[in-house]
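Shown next as structure tokens: one chain only, the form predicted on its own.
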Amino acid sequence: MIEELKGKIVLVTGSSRGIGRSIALAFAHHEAKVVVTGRTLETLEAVAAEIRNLGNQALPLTCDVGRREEVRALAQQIRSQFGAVQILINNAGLAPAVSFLEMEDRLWDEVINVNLTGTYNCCKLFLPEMIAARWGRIINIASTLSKVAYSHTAAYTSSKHAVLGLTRALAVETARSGVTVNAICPGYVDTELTLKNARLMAEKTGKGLDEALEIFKRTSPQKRLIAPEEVADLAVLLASETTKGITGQAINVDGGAVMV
């Protein structure tokens, strides 16, 4: 167990499933107090129950991170029940697969609002207390598409490139404050979202689902999907004192797919 994480207040957005759920559970294993948030209370309560079954504290709260007033309300609820957030994991995100010319304007707006503005909203609300405490961690779950681009991902790629820019700017501004700001850039992860996009590919191309998943796997030299727990373990490491000299970085977890 990483002792310095015991009792730390961790907020994980988009934590009802997939990467977010794995990150929430990983911090719970180190006895942090974990706030899980997303749009659906039922799924959040299920994750909170898993954390409590480990003998640790969890607080499930609904929030649409793209709505600034909801993030303000979230911050007030966390302060009243746990205290100030010390570790912020910006994981909430949308990743629709659609060609640029077929994409509806509303979809562009929604992706930018959740992926970029949602990250901005949470950083803006929770960073001041970290700076005041002279300690904090912000970890943005970005993507390898923060660095490269694939077809049918214009909105997602644009939003994640911007999240990486925000990460670097905040890291420079907070470099002497005791706060670190980093991004984790996963490749294709073995989650429901990847499975959904594989189904879409299969439908559009006439391929089978397994064949579509193999295409995703072949983007990595390791020829596999990344397990969400691999992303979670890196998030825990970046929150520890061991990595206090790491800030402004975008670390890939992709089996060697993108080497920049």
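Numbering starts at 1 and follows the sequence shown. Keep in mind it's a predicted model, so treat the numbers as computed, not measured.
One more form of this protein exists, namely the form predicted in complex with a small molecule; it is left out here, but the text below deals with it.
**Student:** Taking 4.5 Å between heavy atoms as the contact cutoff, choose which of Leu127, Leu166, Val114, Ala75 touches the small molecule in the model of the complex.
**Tutor:** Contact check passes for Val114.
**Student:** Within 4.5 Å of the small molecule in the model of the complex, do we find a heavy atom from each of Gly14, Ile19 and Thr40?
**Tutor:** Yes: each residue has a heavy atom within 4.5 Å of the partner.
**Student:** Is Asp210 a contact residue for the small molecule in the model of the complex, using a 4.5 Å heavy atom cut-off?
**Tutor:** Contact check for Asp210: no, nothing within 4.5 Å of the small molecule in the model of the complex.
**Student:** For Ala48, is any heavy atom within 4.5 Å of the small molecule in the model of the complex, or not?
**Tutor:** Ala48 lies outside the contact set for the small molecule.
**Student:** Please tell me whether any heavy atom belonging to Gly136 falls inside 4.5 Å of a heavy atom of the small molecule, as the geometry stands in the model of the complex.
**Tutor:** Contact with the small molecule, no.
**Student:** Is Val179 close to the small molecule in the model of the complex, meaning a heavy atom pair under 4.5 Å apart or at it?
**Tutor:** Outside the cut-off, so no.
**Student:** I need the one stretch from 139-147, 101-109, 167-175, 78-86 whose residues put non-hydrogen atoms within 4.5 angstroms of the small molecule in the model of the complex.
**Tutor:** Partner-contacting stretch among the options: 139-147.
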